[in-house]
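One chain comes next, on its own, written out as structure tokens in the form predicted alone.
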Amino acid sequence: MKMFPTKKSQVIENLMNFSTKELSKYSKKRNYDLGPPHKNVSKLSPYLRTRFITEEEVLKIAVSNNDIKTIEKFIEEIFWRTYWRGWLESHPWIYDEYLDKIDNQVISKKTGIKCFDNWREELINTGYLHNHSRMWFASIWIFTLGYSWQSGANFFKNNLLDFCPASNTLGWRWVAGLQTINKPYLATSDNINYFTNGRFNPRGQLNEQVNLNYTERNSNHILELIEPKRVEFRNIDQLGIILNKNDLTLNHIFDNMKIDYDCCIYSIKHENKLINKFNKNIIQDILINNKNFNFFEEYNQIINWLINKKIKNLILPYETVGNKIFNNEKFKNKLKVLDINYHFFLRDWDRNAFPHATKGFFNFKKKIPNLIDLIDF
């Protein structure tokens, strides 16, 4: 069975199996990288990234099969992605600084560090790495091989099925000692040996001691989140919805409200063949289950669809930092010319969580029980 199926029914089935067989052991086993197929972790990140499956769906299944107190660590992991996205929303210049220094560092296929070379090959071949291995990999990339963290973040961006601008950028910054200033994450041979169950032991090959002297910039500056206003949709006609990688199931909200709409999916080709195939197969599953949806890969096709369907009110997924697709002046001006009202829809999950994600995760973590209480289980 594929490690990452692209049918929603199979993703749900795998989650059910993980929830009943593995989740109770998650907190004890989650840090071990025992190699593919990584049965000790959920492998949900590529689906949560695009909300092919939503956080609420995952938690409902997890809680239906487990006592919520016994799966707190799993729940925290679900919220980490939300936290990173919320944090970057209030610190958008961090992403701009990353883009300013981004580069494509050419690395040799074999560095001589067996674990690193193995993880590099696994990432390229599967589009995935265990989270602990991502941390080790990033640490070796920066502190042992001497490459820039920006080039490492770009390498992950080009190869991860679950690439998220916030999680990726801030994760690499954290390893580098920038996110928590001058407190880097250092990979050690003992830690790698223990948590790979002896598969790897790079003793004597890693730089396990560093001294950093970064100066904290803009540490106290937090940009206030300007939430889009809630809109009453029940009396809106000629409604169109554009799904994209920011949210592939946004239409379900309108299904639940029994609102009629026309819908299309927009996706551009990814340069990475593995990622492109995965994305196309995900979209194909949606199209099979929604025969009246359209699929477009070009901007002009979207415009023609809006005109042909006589759309007067348009819903698009909210675009967080690093995820801009349609939230630009060219597209919005075209909508004005066509006399189309538009709304970037922010899910309640994000609307409730983002205001608490402006500082460290410890503070955010305190709010998780309250955020869970807002979910209709």
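Just count from 1 along the sequence shown to find any residue number. All of these numbers come straight from a predicted model, not from anything done at the bench.
Unshown form predicted in complex with a small molecule; subsequent notes refer to it.
Shown here without its partner, the chain carries 26, 129 and 162, all of which come within 4.5 Å of the small molecule in the predicted bound form through at least one heavy atom. Proximity of residue 187 to the small molecule in the predicted bound form falls outside the 4.5 Å heavy atom cutoff. Within 4.5 Å of some heavy atom of the small molecule in the predicted bound form lies at least one heavy atom of residue 172. Using a 4.5 angstroms limit between non-hydrogen atoms, residue 48 touches the small molecule in the predicted bound form. Although the partner is absent from this view, residue 42 contacts the small molecule in the predicted bound form, with a non-hydrogen atom inside 4.5 angstroms. Comment: the small molecule is not present in this chain, but in the predicted bound form one of 77, 262, 97, 117 has a heavy atom within 4.5 Å of it, namely 77. With the partner omitted from this view, the residue of 266, 143, 200, 156 that lies near the small molecule in the predicted bound form is 156 [heavy atom within 4.5 Å]. Here the chain stands by itself, but in the predicted bound form one stretch of 134-142, 247-255, 276-284, 206-214, 134-142, has heavy atoms within 4.5 Å of the small molecule.
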